[in-house]
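Here you get one chain, nothing else, as structure tokens; it is the form predicted on its own.
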């Protein structure tokens, strides 16, 4: 997933921690304009010192990117996670500071799915225990009676990339597969040959349960004494997703009582873990967070995250961000001109309105309404906030608006208008309402076509003198003369009026900023209602 914003071009510094695969480091070092620092396992204080001058930080799971660390890194623009889970990154703090957090959701999918199936088989066949017994000089053939997977029911919690790959492999073992995932369509599940069920039903029917969810407030301790009680006696549980999803104390009690026949964990609430009561149980097996630890996966995520960081720092392209809107690459060419239009239109509306901003109403009409407008909303809100906030970007625009108590309303309509697509930005303040509307000419050039109900057409670029006046002879002539006398060159002019003799609104595109003294003189001219200079 990708989107694009503008970033300044300069020499850029990247810090890499956590033993990133060499191919990823090599790519960064071979990219012109980049300085790369590799520091594996730095102390928290050393990490803070290193990050003070960094534009990017690339980590795996060991480095914790805290609010304190982010506060000490004023140049930091992006954190790249070589892997899927970002629970080691303070997303709220990163978003507030405008730092993009990217992960690599696809790079380790196969490795994690294969590891899950390996744990499932090892659990059913007692392979680790039998291996340890033989290495201890024993031949305990009768001790390790296994169970077959064929004909059993596997419950998959989370049918995303990894869960889906596990489902495909499970079918080869003649397992009946149930899945719980509130975000997956019935059609997608049917294509995988999977039955979608509620979580309580999955607990009730599954012989094996495997977990593939992120660690969130909702999934923390998802497997606990209360949910284990809903499961079949003799269920077997695998977790190769995130530590903390399984309550380890409750799992220990269930393994001891026999309610759970066996469990396999690749992840733990605290890592590294070298001393756990679970390790003493004969029906428990574990690995030290190896789900993504294949040579292929480590290389893939390292190269992927390196490319993502370079694309963002060099071109402003956001891909696989977890705290900023992303756009599928094939849609970027179509949507990019609208992102520019929305941002410029928002900047215009913001500079025209007066008072404390309370509400933003964005309306998308025509062809644009059929597209994913989330990135467009973010770009427009960014444009609105640009003139009043010095560090707003595509990452923190919505968070800043929410923090200021600004209400955001969106509406869409595919009904035809006078234009193929029309974006309307209405701002409500404690002193009134300002409304602007814009479209693309030739699907590329952003134009404003309406200001507070006055129809006109002007290029959205550079410096724009926007003024309202009574529609009487001589106003435009005096305006042009005054600007000429003060060496302000007019690049274009558009006028809209409600009726002859009524009010009019005009936009004058000028090549250079108008001095404040000249702007004050314009405002004192006869029949001028208001005059504002805006910069797009």
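The shown structure was predicted, so the numbers you read here are calculated from the model rather than taken from an experiment. Positions refer to the first chain, counted from 1.
One more form of this protein exists, namely the form predicted together with nicotinamide-adenine-dinucleotide (NAD); it is left out here, but the text below deals with it.
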{"query": "Non-hydrogen atom contact residue 183 with nicotinamide-adenine-dinucleotide (NAD) in the model of the complex at 4.5 angstroms", "finding": "yes"}
{"query": "Interface membership of residue 108, nicotinamide-adenine-dinucleotide (NAD) in the model of the complex, 4.5 Å heavy atom rule", "finding": "yes"}
{"query": "Contact of residue 85 with nicotinamide-adenine-dinucleotide (NAD) in the model of the complex (heavy atom, 4.5 Å)", "finding": "yes"}
{"query": "Partner proximity in the model of the complex: residue 289 to nicotinamide-adenine-dinucleotide (NAD), non-hydrogen atom cutoff 4.5 Å", "finding": "yes"}
{"query": "Residue stretch of 158-166, 457-465, 434-442, 371-379 approaching nicotinamide-adenine-dinucleotide (NAD) in the model of the complex, non-hydrogen atom distance within 4.5 Å", "finding": "158-166"}
{"query": "One residue of 213, 396, 421, 247 in contact with nicotinamide-adenine-dinucleotide (NAD), assessed in the model of the complex (non-hydrogen atom, 4.5 angstroms)", "finding": "213"}
{"query": "Residue among 283, 340, 219, 153 with a heavy atom within 4.5 Å of nicotinamide-adenine-dinucleotide (NAD) in the model of the complex", "finding": "219"}
{"query": "nicotinamide-adenine-dinucleotide (NAD) in the model of the complex - contacting residues of 231-245, heavy atom within 4.5 Å", "finding": "240, 241, 242"}
